[in-house]
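One chain comes next, on its own, written out as structure tokens in the form predicted on its own.
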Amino acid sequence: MKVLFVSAEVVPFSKTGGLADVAYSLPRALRNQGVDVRVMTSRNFHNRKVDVVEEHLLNTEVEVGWRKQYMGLSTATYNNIPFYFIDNEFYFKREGIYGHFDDGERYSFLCRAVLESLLHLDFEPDIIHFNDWHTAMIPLLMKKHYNHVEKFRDIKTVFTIHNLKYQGIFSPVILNELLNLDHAEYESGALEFFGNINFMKSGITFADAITTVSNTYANEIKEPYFGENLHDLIENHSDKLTGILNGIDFEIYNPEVDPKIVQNYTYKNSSKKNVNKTHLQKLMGLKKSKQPLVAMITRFTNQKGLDLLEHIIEELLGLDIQLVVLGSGDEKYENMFRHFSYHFENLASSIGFDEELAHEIYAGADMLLMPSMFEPCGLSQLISQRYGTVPIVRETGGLRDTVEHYNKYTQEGSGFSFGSYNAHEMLYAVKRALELYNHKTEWRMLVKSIMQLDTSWKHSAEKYKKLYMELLE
């Protein structure tokens, strides 16, 4: 079985969020199960973490409306994964992967370039697995521009929705101007979205199968509250929708050998985690203390529950805790953390993102707070469990699927959770965690238990493989 996995970002070559982690870790897990998966992505320049020797394959041109734009294609192998890089410096040699005025043009080019690349490669995939709105025009373009090409006739398509909130909404003029399409699909309603066109809607409509990143989120997005005005469309296509939980790469996130932390440890000697806590306190300018250390590693947006925190932050900091925050985003929240860091000695914040510091926080914190308004899957709670850092989450999306609320009577569970999107309910969940923290024997049992959970990609990769095989039957 041959699969072309397409993503606008992929670790370690580019990253803004969890999509990049998935685009590396899932193909790797699938290859371990005997699937010939190759990853295709744009050749982003601005935040590559590794240098690889690339083999240049070809130069050609891609039609972008009335224009013919240069496309280079190169390949490299990293950790046994073959990568293809689509090169166009005008579109991709920029700071930031998204958020440019011409994103509609940039990702129209990428969708067409993926298909154009296959005309020139010996690799003939059975499946094209594409991710989020940036690649969501691929099945429609394949149907409209390549249905006469023999190698495309039997290719099946799988579309994964990582976050329905970001949809790729642009003026309908780009249908002809950038995508070389007439307005038939717009007029039929397949692409139309409140007078614009919607890339995400195209992917949902024309893909052979749709997945999203947790079972709960797959059900949530059929509802108006979570469906971002696409809930009716998703309900209509629910027969081809499957929720498959994300995992994490156990080689990258492994406290036993992680080179980014000062003291390695396992569930068998989890008390060594305290060395990392002392180091983190020193690193962040907090006093050395046995107080429970709560962490947040997050984008600073309302989606991540920062508005809840804003309501009760002084009450939270009035508890017998230390709080460490890493992230960036809305200026309002960046300023909030700067302000309270100045006025409260038990809060330390780092504005920005630092991968090494993130690992040190996972290893050094006692608890991780994730009070998301919605969360398709979430990776931070999975990483925190791996490092013995107890997650405190809201019961939504993948957080609900991966964190079982701790029952003090049965001593079962994998973290703490709260249901309503309410600031004081969140605060109460923190207090319940602090109560257990003071019962050292029970707390150590919980830490050891969550460190042994299998949140790797193994089982989810098996589900993707099964889905691919069913499409090809």
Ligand code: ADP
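From 1 onward, residues are counted along the sequence shown. Nothing here was measured: the structure is a model prediction, and the numbers come from that model.
Beyond the structure shown, there is the form predicted in complex with ligand ADP, which is absent from this document and is the topic of what follows.
S.K.: In the predicted bound form, which of the stretches 310 to 318, 114 to 122, 266 to 274, 376 to 384 has residues with heavy atoms within 4.5 Å of ligand ADP?
M.R.: Comparing against ligand ADP in the predicted bound form, the contact stretch is 376 to 384.
S.K.: Test of understanding: in the predicted bound form, would F109 fall inside 4.5 Å of ligand ADP by heavy atoms?
M.R.: F109 lies outside the contact set for ligand ADP.
S.K.: At the 4.5 Å heavy atom threshold, is M370 in contact with ligand ADP in the predicted bound form?
M.R.: Judged by the heavy-atom cut-off of 4.5 Å, M370 is in contact with ligand ADP in the predicted bound form.
S.K.: With the partner left out of view, is G96 within 4.5 angstroms of ligand ADP in the predicted bound form by any non-hydrogen atom?
M.R.: Looking in the predicted bound form, residue contacts with ligand ADP do not include G96, since no heavy atom lies within 4.5 Å.
S.K.: Does L179 make contact with ligand ADP in the predicted bound form, using a 4.5 Å heavy atom cut-off?
M.R.: L179: no contact with ligand ADP in the predicted bound form.
S.K.: Find the only residue in K304, R394, K201, H134 having a heavy atom within 4.5 Å of ligand ADP in the predicted bound form.
M.R.: Residue within 4.5 Å of the partner: K304.
S.K.: Just to be sure I understand the contacts: of G352, P224, P259, G285, which is the one whose heavy atoms reach within 4.5 angstroms of ligand ADP in the predicted bound form?
M.R.: So the residue touching ligand ADP in the predicted bound form, by this definition, is G352.
S.K.: Though the partner is not shown here, which residues of 397 to 416 have a heavy atom within 4.5 Å of ligand ADP in the predicted bound form?
M.R.: Nothing in the stretch sits within 4.5 Å of the partner.
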